[in-house]
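Next comes just one chain, in structure tokens: the form predicted on its own.
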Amino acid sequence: MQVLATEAMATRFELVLAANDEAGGDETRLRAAGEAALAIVEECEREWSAFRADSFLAHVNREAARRAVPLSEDQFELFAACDDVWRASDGAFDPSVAPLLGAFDRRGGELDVARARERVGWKSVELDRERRTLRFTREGVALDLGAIAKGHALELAAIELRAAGVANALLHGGTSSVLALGGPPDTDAWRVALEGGDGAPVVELRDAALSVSAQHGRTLADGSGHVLDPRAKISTPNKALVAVVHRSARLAEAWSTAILVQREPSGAARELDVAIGSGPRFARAWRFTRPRSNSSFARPSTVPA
């Protein structure tokens, strides 16, 4: 068993790697595979950070209103996922909230916030799926991929691990985004507690991803929660904690944010495996939709059926 970690995307990424026959049980090879996977996570930090002037995301935000920006295959897949979830969630997931996030975090005045609100809206983002380019149809649009980029990084890291023959691993970014390959030794699935303490709900993950979204944990400079409702253009008042399981770490992360904004799973979200806590902690109110993976939420004994 190998445990490796790195700091990226303003959080800590960790990998737990279990040896298997294909990897030959060689701890040196296992560690090398983990280090290569973490290098990909670090590259994602350089590519998608909203806080680096040299990131590809910063380049997009500077250039896309002037010209169509060419995308690599991985870059296109990420933006296509953003576009798909934006449409399927009726706009509850929308990375174009970046100007409003900035205005709130700078404690912007009424005029600053009003101008930022005018710039929010994925409808001003054009993704050309044939040419694989992205452009903005108006000035002032900017993107923040904080609600999907960690999942994207985990997806790419998992591809690297599989290519190296690692079949059993648990990857997480800041504990809120988790991706499982196979299971730990002598067990079918990785068990992940959603919160600490006795009776905390547990998710059993095998070849699936988990994402948890909530307002608590980070507050903007103006005192509001960091998850914004891009439709009302305010901080979402929902105080629940939402967990989503999906085969894709990208989609699990995007949908956990969308459902937190929606408050109730609707439309395409009903095709997911979702749990919603009634307060800051998962307590006694649970709702589930049809599972879309081999994984499942396990009810703690304190929660009535």
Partner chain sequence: MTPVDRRNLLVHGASTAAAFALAPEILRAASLERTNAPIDVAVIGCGRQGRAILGELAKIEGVRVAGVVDVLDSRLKSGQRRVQGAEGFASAKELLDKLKNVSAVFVATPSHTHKDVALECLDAGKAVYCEAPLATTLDDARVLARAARKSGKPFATGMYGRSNPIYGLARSFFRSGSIRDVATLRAQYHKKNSWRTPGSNPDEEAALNWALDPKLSLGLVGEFGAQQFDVFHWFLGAYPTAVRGFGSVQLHKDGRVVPDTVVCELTFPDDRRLLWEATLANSFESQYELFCGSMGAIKLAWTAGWLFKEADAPTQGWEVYANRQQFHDEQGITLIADATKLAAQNKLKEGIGLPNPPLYYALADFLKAVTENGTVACSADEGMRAAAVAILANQAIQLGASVAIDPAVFKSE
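Quantities reported herein were computed from a predicted structural model and do not represent experimental measurements. Numbering follows the first chain given and starts at 1.
The protein also exists as the form predicted in complex with its partner chain; that form is not presented, and the subsequent description refers to it.
Work out which of Asp207, Asp112, Glu77, Asp90 lies within 4.5 Å of its partner chain in the predicted complex, going by heavy atoms. For this set of options, the contacting one is Glu77.
Just to confirm the contact call: exactly one of 142-150, 115-123, 167-175, 129-137 touches its partner chain in the predicted complex at a 4.5 Å heavy atom cutoff, so which is it? Selected stretch: 129-137.
Classify Pro237 as contacting or not contacting its partner chain in the predicted complex by the rule of any non-hydrogen atom within 4.5 angstroms, answering yes or no. Looking in the predicted complex, residue contacts with its partner chain do not include Pro237, since no heavy atom lies within 4.5 Å.
I'd like to check something about Ala98: if you look in the predicted complex, is any of its heavy atoms closer than or equal to 4.5 Å to a heavy atom of its partner chain? Residue-level check for Ala98: no, no contact with its partner chain.
Taking its partner chain as it sits in the predicted complex, is Asp273 near enough to touch it, meaning that at least one heavy atom pair lies within 4.5 angstroms? No - in the predicted complex, heavy atoms of Asp273 and its partner chain never come within 4.5 Å of each other.
Does Asp188 make contact with its partner chain in the predicted complex, using a 4.5 Å heavy atom cut-off? So Asp188 does not count as contacting its partner chain.
Sequence order please: the residues of 67-100 with a heavy atom within 4.5 Å of its partner chain in the predicted complex. Result: Arg67, Pro70, Leu71, Ser72, Glu73, Asp74, Glu77.
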